[in-house]
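Here's a solo chain for you in structure tokens, the form predicted alone.
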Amino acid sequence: MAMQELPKKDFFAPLKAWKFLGKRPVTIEVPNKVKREASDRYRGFHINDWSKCIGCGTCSKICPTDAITMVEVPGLVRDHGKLPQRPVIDYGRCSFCALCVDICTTGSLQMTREYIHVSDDAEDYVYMPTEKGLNAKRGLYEHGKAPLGWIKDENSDILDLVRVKMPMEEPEVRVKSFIEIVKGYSKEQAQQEAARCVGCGICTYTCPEHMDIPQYIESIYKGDLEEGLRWLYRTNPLSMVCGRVCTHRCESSCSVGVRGEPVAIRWLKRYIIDNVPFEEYDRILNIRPEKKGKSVGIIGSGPAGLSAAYFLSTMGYDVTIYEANARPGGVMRYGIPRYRLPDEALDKDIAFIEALGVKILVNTKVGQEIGFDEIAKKHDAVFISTGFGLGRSTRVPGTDHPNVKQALPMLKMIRDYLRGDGPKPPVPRKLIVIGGGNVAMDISRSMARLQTMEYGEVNVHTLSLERSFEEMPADMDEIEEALEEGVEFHPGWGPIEIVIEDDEVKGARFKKCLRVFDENHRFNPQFDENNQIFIEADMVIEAIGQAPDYSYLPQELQEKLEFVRGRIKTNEYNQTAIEWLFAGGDIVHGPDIIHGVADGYAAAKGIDMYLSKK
């Protein structure tokens, strides 16, 4: 096909422009004295509501021209779910595409109809947006704010605000046995959920162990679970456990959760660990530490003890754990119900730690089978992580009756019975549980299962001082699942006495709780003594808290340690006032598995520093 020839230019064409010489030019004054409003959907300069902005940096990540930089702001503090930084926009680069607005996790970043800005200084075009706008000081607009332009809607919103639902056993099925109720994600479900993550990393700051959450979620999205496993084991050797029963504080700070449902971080962790064969761990992780010729003794094989053992072994130390019970795992083994954490999951985590050379001596109670002084002499450093093994009582009249029991010993008895290690626990037809935390939920739901298996029906009444589900310290999903399984709740009631007739428990009387804490946020419940109820029961279980047992520590050591409200005071590396003694877990920070893992990690670093100096 032949090329079409361009018309030849007239030689006198340039001279024709002289005809405009005598005409008056059209001049637009800038800044314009006559207001010329842009269209409603105009993509002009940005504004940012700092009261909503959490500094996630998602706008910066998506910007195709690298026009947005996150800058730390003096005076802003890092808080739960918030980072002390704000976006700065370079309008020399900005293409006004509005992608930053469309993906903003909180809706704080918006665009106005403001489009004129004149300055001889190039720096004036690099701007940290506030809620007022670029030219707010010029007083061009009412209330000092530029009118909004482009606003994202359901068609332009880039975020997927609804999480992939986790498949679970139906209530009528799960209450009949102790089968694990959460089924886990399929590959397609996991990748779909992973795609919701914006990679902001706020979750990492919130996690007590500061896990590399965006990195292992990205590995799921890419389909590289071996890479995901390596990210997990950088910080958490109990990912099989934490993928099931972690308190998942990370999700409470997830930036996607500001306007929608948070990314299911806990379930995605579980997906990795459930789908990488244990036989491949050694090859994938390839841990080959050089031995240092020094040893560490650890008392207690709960989350903190196992975590410290793992990290110390990867540093080359010889580690021995002393465990009083017949099986390792502490509260994970004996305090968490089987329907939430099966033995098989915990065993997998522990097996890899043992494969690194860690010795676990079970049925070895310090103070009886072996003395604390002997352990101190055998090892170069000692880490104690004995947990909260003692229950607290309301001490109301009647609590000394044999059928008034503590939650943790009952949970241990149930776990031992289910695995064939102990006798069948007593199963009352009518049960009262006193408490509003997760332990109260665990024992309520466990007893509901035993009642269903024994009598075909549930009769569990759970009462707490807290006046609503929102006030109760238990996780909301635990409360909701307990309700589905037939547990009856009575929030806002405090016990008066356990009623005993003919040496048998007949029930308990309660009085209405008006408030739990005083104006100084101290525990100081107030009651309406005239508003009382009676609930029938054959057994009462108290689940109002746990306490530590330091009887294994020699008195002279206890006198050298510092205690704060019954917990041992340590430094940032979990080192106590005694140079060679470290502590972690419940006895330092209270009951929380992931915090125990973090304590073990910090203690391992502290012990390494101490022994290196020594």
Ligand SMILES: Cc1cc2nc3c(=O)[nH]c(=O)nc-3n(C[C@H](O)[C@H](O)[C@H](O)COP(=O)(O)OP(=O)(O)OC[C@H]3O[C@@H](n4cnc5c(N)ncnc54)[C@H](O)[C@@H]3O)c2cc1C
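The first residue of the sequence shown is number 1, and the count goes up from there. Worth saying up front: this structure is predicted, and the values here are computed from it rather than measured.
The form predicted in complex with this ligand exists for this protein as well; it is not shown, and the discussion that follows is about that form.
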query: For the spot marked by Val245, Ile299 and Gly335, is every residue within 4.5 Å of this ligand in the predicted bound form through some heavy atom?
result: yes
- request: Have a look at 391 to 399, 320 to 328, 164 to 172, 455 to 463 and name the one stretch with heavy atoms inside 4.5 Å of this ligand in the predicted bound form.
  value: 320 to 328
message: I need to confirm a contact call. Of His210, His117, Lys82, Arg340, which residue comes within 4.5 Å of this ligand in the predicted bound form, counting heavy atoms only?
response: Arg340
statement: Assert contact residue (this ligand, in the predicted bound form, non-hydrogen atom within 4.5 Å, options Val276, Leu450, Val366, Met315) equals Val366
query: Given that the partner is absent here, does Ala304 sit within 4.5 Å of this ligand in the predicted bound form, heavy atoms only?
result: yes
field: Touches this ligand in the predicted bound form: Leu232 (any heavy atom, 4.5 Å)
entry: no
Partner contact for Tyr552 in the predicted bound form: this ligand, 4.5 angstroms, heavy atom: yes
- prompt: Going by a heavy atom distance of 4.5 Å, is Thr112 a contact of this ligand in the predicted bound form?
  reply: no
message: Heavy atom within 4.5 Å of this ligand in the predicted bound form: which residues of 433 to 454 meet that condition, in order?
response: Val439, Asp442
